[in-house]
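Shown below, as C-alpha coordinates, is a lone chain in the form predicted on its own; questions about how it binds or moves come after it.
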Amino acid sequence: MTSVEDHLFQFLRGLHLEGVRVPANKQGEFFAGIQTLAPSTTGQLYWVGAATLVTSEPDLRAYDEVFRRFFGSPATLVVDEPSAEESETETAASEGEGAGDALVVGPPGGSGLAAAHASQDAVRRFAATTPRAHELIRQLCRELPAAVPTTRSRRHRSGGRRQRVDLRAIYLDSRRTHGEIMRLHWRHRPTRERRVLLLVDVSGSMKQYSPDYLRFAYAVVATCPQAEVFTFGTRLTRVTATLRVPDVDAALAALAQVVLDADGGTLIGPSLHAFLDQFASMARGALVLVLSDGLERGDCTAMVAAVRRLSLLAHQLTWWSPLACDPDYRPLTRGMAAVRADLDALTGVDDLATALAAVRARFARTPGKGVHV
(Lines give C-alpha, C1' and ligand atoms only; values in the text may rest on other atoms or scores of the structure.)
Protein backbone atom coordinates (compact mmCIF):
# COMPACT_ATOMS: atom_id res chain seq x y z
CA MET A 1 0.00 0.00 0.00
CA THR A 2 1.41 3.37 -1.02
CA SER A 3 1.58 6.36 1.28
CA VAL A 4 -1.20 8.06 -0.76
CA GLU A 5 -3.53 5.09 -0.38
CA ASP A 6 -2.71 4.87 3.30
CA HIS A 7 -3.56 8.57 3.70
CA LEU A 8 -6.88 8.09 1.88
CA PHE A 9 -7.79 5.14 4.11
CA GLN A 10 -6.93 7.23 7.17
CA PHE A 11 -9.22 9.92 5.76
CA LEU A 12 -12.06 7.39 5.47
CA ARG A 13 -11.33 6.24 9.00
CA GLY A 14 -11.56 9.88 10.13
CA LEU A 15 -14.99 10.17 8.51
CA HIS A 16 -16.15 7.05 10.33
CA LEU A 17 -14.95 8.44 13.67
CA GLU A 18 -16.93 11.65 13.01
CA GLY A 19 -20.12 9.64 12.45
CA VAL A 20 -20.20 9.58 8.63
CA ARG A 21 -21.22 6.12 7.43
CA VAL A 22 -18.76 4.96 4.78
CA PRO A 23 -19.61 1.32 4.00
CA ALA A 24 -17.57 -0.73 1.59
CA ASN A 25 -19.65 0.13 -1.47
CA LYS A 26 -19.17 3.87 -0.85
CA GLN A 27 -15.44 3.38 -0.36
CA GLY A 28 -15.34 1.47 -3.63
CA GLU A 29 -17.15 4.29 -5.43
CA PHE A 30 -14.75 6.81 -3.87
CA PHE A 31 -11.66 5.00 -5.11
CA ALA A 32 -13.30 4.29 -8.50
CA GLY A 33 -13.98 8.02 -8.84
CA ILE A 34 -10.36 8.81 -8.07
CA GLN A 35 -9.16 6.23 -10.57
CA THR A 36 -11.51 7.49 -13.29
CA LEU A 37 -11.14 11.26 -12.82
CA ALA A 38 -7.54 11.32 -11.58
CA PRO A 39 -8.03 14.55 -9.58
CA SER A 40 -5.02 16.81 -9.82
CA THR A 41 -6.09 19.36 -7.20
CA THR A 42 -7.49 19.16 -3.70
CA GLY A 43 -10.63 20.86 -4.98
CA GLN A 44 -11.27 18.06 -7.45
CA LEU A 45 -10.56 15.45 -4.80
CA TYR A 46 -13.01 17.21 -2.49
CA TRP A 47 -15.87 16.86 -4.95
CA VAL A 48 -15.04 13.24 -5.76
CA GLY A 49 -15.42 12.49 -2.06
CA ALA A 50 -18.50 14.67 -1.61
CA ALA A 51 -20.24 12.98 -4.54
CA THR A 52 -19.51 9.42 -3.40
CA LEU A 53 -19.39 9.56 0.42
CA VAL A 54 -21.92 12.20 1.51
CA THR A 55 -25.68 11.66 1.54
CA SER A 56 -27.01 14.27 3.99
CA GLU A 57 -26.37 17.78 5.27
CA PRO A 58 -24.99 16.67 8.67
CA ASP A 59 -22.64 14.30 6.85
CA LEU A 60 -21.50 17.16 4.59
CA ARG A 61 -20.56 19.32 7.56
CA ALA A 62 -18.59 16.47 9.13
CA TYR A 63 -17.02 15.71 5.74
CA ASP A 64 -15.86 19.34 5.35
CA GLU A 65 -14.21 19.29 8.76
CA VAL A 66 -12.44 15.96 8.21
CA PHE A 67 -11.35 16.91 4.67
CA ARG A 68 -9.89 20.18 5.97
CA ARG A 69 -7.96 18.25 8.57
CA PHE A 70 -6.47 15.81 6.06
CA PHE A 71 -6.08 17.87 2.86
CA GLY A 72 -6.33 21.56 3.66
CA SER A 73 -8.70 24.46 4.19
CA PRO A 74 -12.02 24.51 2.29
CA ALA A 75 -11.08 28.00 1.11
CA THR A 76 -8.48 26.46 -1.13
CA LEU A 77 -11.03 24.08 -2.57
CA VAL A 78 -13.21 26.53 -4.43
CA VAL A 79 -10.62 28.94 -5.76
CA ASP A 80 -8.77 26.43 -7.88
CA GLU A 81 -8.66 27.97 -11.29
CA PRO A 82 -10.25 25.75 -13.92
CA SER A 83 -8.18 25.00 -16.94
CA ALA A 84 -8.61 27.03 -20.10
CA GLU A 85 -10.35 24.10 -21.75
CA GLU A 86 -12.80 23.80 -18.84
CA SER A 87 -13.50 27.55 -18.92
CA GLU A 88 -14.37 27.43 -22.59
CA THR A 89 -16.63 24.43 -22.05
CA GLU A 90 -18.39 26.04 -19.07
CA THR A 91 -18.94 29.25 -21.01
CA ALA A 92 -20.49 27.36 -23.89
CA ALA A 93 -22.72 25.43 -21.52
CA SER A 94 -23.90 28.55 -19.71
CA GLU A 95 -24.94 30.11 -22.99
CA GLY A 96 -27.13 27.13 -23.83
CA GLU A 97 -28.74 26.49 -20.44
CA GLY A 98 -30.58 28.48 -17.78
CA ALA A 99 -28.98 29.61 -14.56
CA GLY A 100 -30.94 27.00 -12.59
CA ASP A 101 -29.62 24.19 -14.74
CA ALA A 102 -26.05 25.33 -14.16
CA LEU A 103 -26.49 24.64 -10.46
CA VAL A 104 -27.12 20.98 -11.05
CA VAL A 105 -25.11 19.46 -13.79
CA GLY A 106 -21.76 20.71 -14.85
CA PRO A 107 -20.38 20.15 -18.31
CA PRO A 108 -18.90 16.74 -18.99
CA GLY A 109 -15.30 16.64 -17.93
CA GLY A 110 -15.48 19.87 -15.92
CA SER A 111 -14.26 20.17 -12.38
CA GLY A 112 -17.78 20.75 -11.02
CA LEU A 113 -16.52 23.54 -8.76
CA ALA A 114 -18.87 26.20 -10.11
CA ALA A 115 -21.98 24.03 -9.75
CA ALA A 116 -21.22 23.01 -6.19
CA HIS A 117 -20.22 26.54 -5.18
CA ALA A 118 -23.57 27.94 -6.30
CA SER A 119 -25.46 25.15 -4.58
CA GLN A 120 -23.74 25.50 -1.20
CA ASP A 121 -23.92 29.29 -1.06
CA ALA A 122 -27.50 29.58 -2.32
CA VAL A 123 -29.22 30.60 0.93
CA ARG A 124 -32.93 31.27 0.45
CA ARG A 125 -34.55 34.17 2.29
CA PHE A 126 -38.26 33.92 3.01
CA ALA A 127 -40.59 36.88 3.40
CA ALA A 128 -42.44 37.30 6.67
CA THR A 129 -45.71 35.39 6.96
CA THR A 130 -48.71 37.64 6.41
CA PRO A 131 -51.67 37.80 8.85
CA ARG A 132 -53.83 36.08 6.20
CA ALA A 133 -51.29 33.25 5.94
CA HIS A 134 -51.20 32.94 9.75
CA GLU A 135 -54.98 32.54 9.76
CA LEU A 136 -54.83 29.88 7.03
CA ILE A 137 -52.17 27.99 8.98
CA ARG A 138 -54.41 28.01 12.06
CA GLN A 139 -57.30 26.66 9.97
CA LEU A 140 -55.04 23.95 8.56
CA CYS A 141 -53.99 22.94 12.06
CA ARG A 142 -57.64 22.63 13.07
CA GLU A 143 -58.74 20.60 10.04
CA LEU A 144 -55.76 18.35 9.38
CA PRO A 145 -56.49 15.79 12.16
CA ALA A 146 -59.89 14.99 10.64
CA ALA A 147 -58.48 14.76 7.10
CA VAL A 148 -55.55 12.42 7.75
CA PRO A 149 -56.55 8.76 7.17
CA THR A 150 -56.45 6.47 10.18
CA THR A 151 -55.52 2.86 10.82
CA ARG A 152 -55.96 0.39 13.66
CA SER A 153 -53.19 0.30 16.24
CA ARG A 154 -51.43 -3.04 16.65
CA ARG A 155 -51.65 -2.77 20.43
CA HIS A 156 -54.79 -3.63 22.35
CA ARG A 157 -56.07 -1.33 25.08
CA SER A 158 -58.67 -1.78 27.79
CA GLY A 159 -62.19 -0.52 27.23
CA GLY A 160 -63.89 0.54 24.06
CA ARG A 161 -65.46 -1.91 21.65
CA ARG A 162 -65.84 -5.59 22.53
CA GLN A 163 -63.09 -7.16 20.43
CA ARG A 164 -61.18 -9.31 22.92
CA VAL A 165 -61.93 -10.42 26.48
CA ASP A 166 -59.57 -8.79 28.99
CA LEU A 167 -58.80 -11.80 31.19
CA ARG A 168 -56.35 -9.94 33.39
CA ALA A 169 -58.83 -7.20 34.21
CA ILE A 170 -61.55 -9.81 34.88
CA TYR A 171 -59.26 -11.71 37.24
CA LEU A 172 -58.25 -8.61 39.18
CA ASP A 173 -61.87 -7.52 39.42
CA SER A 174 -62.97 -10.96 40.66
CA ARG A 175 -60.52 -10.80 43.57
CA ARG A 176 -62.67 -8.10 45.11
CA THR A 177 -65.78 -10.31 44.92
CA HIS A 178 -64.23 -13.57 46.26
CA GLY A 179 -63.82 -15.11 42.80
CA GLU A 180 -67.23 -14.25 41.47
CA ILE A 181 -67.17 -12.66 37.98
CA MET A 182 -69.61 -9.81 38.16
CA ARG A 183 -68.64 -7.95 34.98
CA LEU A 184 -66.73 -8.73 31.78
CA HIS A 185 -63.89 -6.50 30.66
CA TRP A 186 -62.80 -6.01 27.06
CA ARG A 187 -59.79 -4.92 25.07
CA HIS A 188 -59.73 -3.35 21.61
CA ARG A 189 -57.37 -1.91 19.01
CA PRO A 190 -57.87 1.86 18.92
CA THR A 191 -57.46 3.87 15.74
CA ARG A 192 -54.54 6.22 15.18
CA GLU A 193 -53.50 8.67 12.50
CA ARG A 194 -51.36 7.35 9.71
CA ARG A 195 -47.96 8.91 9.21
CA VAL A 196 -47.96 11.95 6.93
CA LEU A 197 -44.90 12.15 4.69
CA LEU A 198 -44.21 15.33 2.71
CA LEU A 199 -41.67 15.55 -0.11
CA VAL A 200 -41.39 19.23 -1.05
CA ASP A 201 -39.77 20.39 -4.29
CA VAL A 202 -37.69 23.54 -3.63
CA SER A 203 -36.06 23.81 -7.05
CA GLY A 204 -35.95 26.98 -9.11
CA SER A 205 -39.15 26.21 -11.03
CA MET A 206 -41.01 26.03 -7.69
CA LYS A 207 -39.56 29.26 -6.28
CA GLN A 208 -42.91 31.04 -6.36
CA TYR A 209 -44.73 28.25 -4.52
CA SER A 210 -42.20 26.64 -2.18
CA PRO A 211 -42.63 29.24 0.66
CA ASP A 212 -46.33 28.38 1.06
CA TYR A 213 -45.57 24.67 0.61
CA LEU A 214 -43.10 24.91 3.48
CA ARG A 215 -45.65 26.82 5.59
CA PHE A 216 -48.07 23.96 4.94
CA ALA A 217 -45.34 21.54 6.00
CA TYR A 218 -44.93 23.57 9.20
CA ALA A 219 -48.68 23.15 9.89
CA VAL A 220 -48.44 19.39 9.27
CA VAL A 221 -45.49 18.98 11.64
CA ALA A 222 -47.26 21.08 14.28
CA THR A 223 -50.43 19.00 14.03
CA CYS A 224 -49.58 15.43 13.09
CA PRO A 225 -47.49 13.52 15.64
CA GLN A 226 -45.88 11.19 13.07
CA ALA A 227 -45.24 13.72 10.31
CA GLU A 228 -41.99 13.69 8.34
CA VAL A 229 -40.88 16.37 5.87
CA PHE A 230 -38.12 16.24 3.27
CA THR A 231 -37.12 18.84 0.69
CA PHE A 232 -35.44 18.13 -2.61
CA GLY A 233 -33.99 20.05 -5.50
CA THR A 234 -30.68 18.51 -6.41
CA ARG A 235 -30.38 16.66 -3.10
CA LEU A 236 -32.59 15.26 -0.37
CA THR A 237 -32.78 17.09 2.97
CA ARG A 238 -34.71 15.97 6.05
CA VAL A 239 -36.19 19.07 7.70
CA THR A 240 -38.73 17.71 10.19
CA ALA A 241 -36.78 18.78 13.26
CA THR A 242 -36.10 22.22 11.77
CA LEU A 243 -39.84 22.82 11.34
CA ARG A 244 -40.66 21.72 14.89
CA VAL A 245 -40.47 25.21 16.47
CA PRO A 246 -43.27 27.43 17.85
CA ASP A 247 -43.06 30.17 15.19
CA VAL A 248 -43.47 29.64 11.43
CA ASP A 249 -41.13 32.47 10.44
CA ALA A 250 -38.44 31.13 12.76
CA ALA A 251 -38.88 27.73 11.12
CA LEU A 252 -38.47 29.19 7.63
CA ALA A 253 -35.41 31.17 8.70
CA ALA A 254 -33.87 27.98 10.05
CA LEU A 255 -34.73 26.16 6.82
CA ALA A 256 -32.79 28.76 4.86
CA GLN A 257 -29.65 27.62 6.64
CA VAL A 258 -30.32 23.91 6.11
CA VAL A 259 -31.82 23.63 2.61
CA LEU A 260 -28.85 24.69 0.51
CA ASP A 261 -30.19 23.56 -2.87
CA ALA A 262 -33.22 25.87 -2.83
CA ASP A 263 -33.98 27.63 -6.13
CA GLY A 264 -31.47 25.48 -7.98
CA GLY A 265 -31.92 22.67 -10.45
CA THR A 266 -34.27 19.70 -10.32
CA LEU A 267 -33.38 16.05 -9.88
CA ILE A 268 -36.69 14.51 -8.85
CA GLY A 269 -35.88 10.89 -9.68
CA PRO A 270 -32.47 10.74 -7.92
CA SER A 271 -33.89 12.61 -4.91
CA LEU A 272 -36.81 10.18 -4.54
CA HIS A 273 -34.41 7.27 -4.93
CA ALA A 274 -32.22 8.74 -2.19
CA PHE A 275 -35.28 8.85 0.05
CA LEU A 276 -36.21 5.25 -0.74
CA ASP A 277 -32.65 4.06 -0.15
CA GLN A 278 -32.51 5.56 3.36
CA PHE A 279 -36.05 6.12 4.62
CA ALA A 280 -38.33 3.73 2.71
CA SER A 281 -39.89 2.47 5.95
CA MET A 282 -41.33 5.94 6.57
CA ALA A 283 -43.51 5.62 3.46
CA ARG A 284 -44.95 2.22 4.40
CA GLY A 285 -48.66 2.68 5.14
CA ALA A 286 -48.34 6.47 5.16
CA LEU A 287 -50.17 9.32 3.48
CA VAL A 288 -47.47 10.50 1.08
CA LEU A 289 -47.72 13.97 -0.45
CA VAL A 290 -45.33 15.00 -3.20
CA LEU A 291 -45.42 18.77 -3.69
CA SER A 292 -43.82 19.42 -7.07
CA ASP A 293 -44.53 20.53 -10.61
CA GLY A 294 -43.07 17.22 -11.83
CA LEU A 295 -40.80 18.89 -14.38
CA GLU A 296 -37.89 16.45 -14.38
CA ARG A 297 -34.70 17.19 -16.25
CA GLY A 298 -33.42 14.71 -18.79
CA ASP A 299 -34.29 11.02 -18.53
CA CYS A 300 -37.33 10.45 -16.31
CA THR A 301 -36.80 6.69 -15.86
CA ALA A 302 -35.56 7.09 -12.30
CA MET A 303 -38.49 9.33 -11.38
CA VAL A 304 -41.03 6.85 -12.79
CA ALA A 305 -39.46 3.90 -10.95
CA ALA A 306 -39.28 5.82 -7.65
CA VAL A 307 -42.90 6.98 -7.84
CA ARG A 308 -44.04 3.44 -8.60
CA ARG A 309 -42.25 2.10 -5.55
CA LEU A 310 -43.66 4.91 -3.42
CA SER A 311 -47.17 4.04 -4.57
CA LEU A 312 -46.63 0.42 -3.54
CA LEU A 313 -45.37 1.39 -0.10
CA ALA A 314 -47.81 4.18 0.72
CA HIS A 315 -51.39 3.92 1.89
CA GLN A 316 -52.14 6.89 -0.36
CA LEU A 317 -49.87 8.75 -2.77
CA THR A 318 -51.06 12.23 -3.68
CA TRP A 319 -49.23 14.67 -5.94
CA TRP A 320 -49.81 18.42 -5.46
CA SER A 321 -48.79 20.52 -8.43
CA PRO A 322 -49.24 24.27 -8.98
CA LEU A 323 -49.66 23.55 -12.69
CA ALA A 324 -52.79 21.48 -11.99
CA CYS A 325 -54.56 24.62 -10.73
CA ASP A 326 -55.15 25.47 -14.38
CA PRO A 327 -58.45 23.83 -15.46
CA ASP A 328 -56.87 23.09 -18.84
CA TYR A 329 -53.85 21.36 -17.31
CA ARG A 330 -53.09 17.85 -18.51
CA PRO A 331 -50.08 15.80 -17.31
CA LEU A 332 -48.51 15.55 -20.76
CA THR A 333 -44.83 15.79 -19.87
CA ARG A 334 -43.05 12.44 -20.12
CA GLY A 335 -42.49 12.16 -16.40
CA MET A 336 -45.98 13.11 -15.21
CA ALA A 337 -47.68 11.14 -17.98
CA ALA A 338 -45.75 8.03 -16.91
CA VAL A 339 -46.43 8.36 -13.17
CA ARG A 340 -50.08 9.43 -13.46
CA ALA A 341 -51.38 5.86 -13.17
CA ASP A 342 -49.46 5.33 -9.91
CA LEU A 343 -51.00 8.34 -8.17
CA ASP A 344 -54.12 8.20 -6.03
CA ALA A 345 -54.72 11.87 -6.78
CA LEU A 346 -53.19 14.70 -8.77
CA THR A 347 -54.34 17.92 -7.15
CA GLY A 348 -53.90 21.58 -8.00
CA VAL A 349 -52.34 23.41 -5.04
CA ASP A 350 -50.32 26.60 -5.35
CA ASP A 351 -50.80 28.39 -2.01
CA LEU A 352 -52.19 27.93 1.50
CA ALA A 353 -55.77 28.62 0.42
CA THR A 354 -55.77 25.83 -2.17
CA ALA A 355 -53.94 23.59 0.31
CA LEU A 356 -56.76 24.15 2.80
CA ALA A 357 -59.29 23.26 0.09
CA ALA A 358 -57.39 20.03 -0.65
CA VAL A 359 -57.30 19.15 3.05
CA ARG A 360 -61.05 19.75 3.34
CA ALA A 361 -61.51 17.40 0.37
CA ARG A 362 -59.61 14.68 2.30
CA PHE A 363 -56.72 14.84 -0.18
CA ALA A 364 -59.00 13.80 -3.08
CA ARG A 365 -58.13 10.13 -3.25
CA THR A 366 -59.88 9.16 -6.49
CA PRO A 367 -57.71 9.67 -9.61
CA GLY A 368 -59.22 12.05 -12.11
CA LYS A 369 -61.40 13.62 -9.46
CA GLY A 370 -58.72 15.64 -7.71
CA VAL A 371 -59.33 19.11 -6.41
CA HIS A 372 -58.60 21.64 -9.11
CA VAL A 373 -59.06 25.03 -7.52
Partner chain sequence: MLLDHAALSQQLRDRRYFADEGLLTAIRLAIALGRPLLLEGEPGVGKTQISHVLADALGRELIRLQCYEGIDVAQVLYEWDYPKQLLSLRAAEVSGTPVGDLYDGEFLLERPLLRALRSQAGAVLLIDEIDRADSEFEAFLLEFLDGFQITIPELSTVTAAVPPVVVLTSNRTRELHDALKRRCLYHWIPFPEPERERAIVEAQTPGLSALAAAQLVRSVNVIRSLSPLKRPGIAEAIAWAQGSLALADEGADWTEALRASLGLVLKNADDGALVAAHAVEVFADDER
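Note that the structure is a prediction, hence the values are computed from the model and not measured. Numbering follows the first chain given and starts at 1. Whichever C-alpha set is largest while still superposing within 1.5 Å between the two forms counts as the rigid core.
Another form, the form predicted together with its partner chain, is not on view; read the next lines as being about it.
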Hey, of 344 to 352, 45 to 53, 62 to 70, 327 to 335, which bit sits against its partner chain in the model of the complex at 4.5 Å between non-hydrogen atoms?
45 to 53
Contact test in the model of the complex: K26 vs its partner chain, heavy atoms, 4.5 Å:
yes
Taking the shortest heavy atom distance, is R168 within 4.5 Å of its partner chain in the model of the complex?
yes
Classify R195 as contacting or not contacting its partner chain in the model of the complex by the rule of any non-hydrogen atom within 4.5 angstroms, answering yes or no.
yes
Close approach of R309 to its partner chain in the model of the complex, 4.5 Å, heavy atom
yes
Between the options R183, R138, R132, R155, which residue brings a heavy atom to within 4.5 Å of its partner chain in the model of the complex?
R155
Of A146, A250, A127, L172, the one that lies within 4.5 Å of its partner chain in the model of the complex (heavy atoms):
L172
Answer yes if the CA of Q27 moves 2 Å or more between the shown form and the other one after aligning the rigid core, and no otherwise.
yes
Tell me, please, whether between the shown form and the other one the C-alpha of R152 is shifted by 2 Å or more, with the rigid core used for superposition.
no
Once the core is aligned, please say if the CA of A241 is shifted by at least 2 angstroms between the shown form and the other one.
no
Regarding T242 and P23, go with closer or farther for their CA spacing in the model of the complex versus this form, the difference being 3 Å or more.
closer
Working note: in the model of the complex the C-alpha atoms of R21 and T242, off by 3 Å or more, come closer
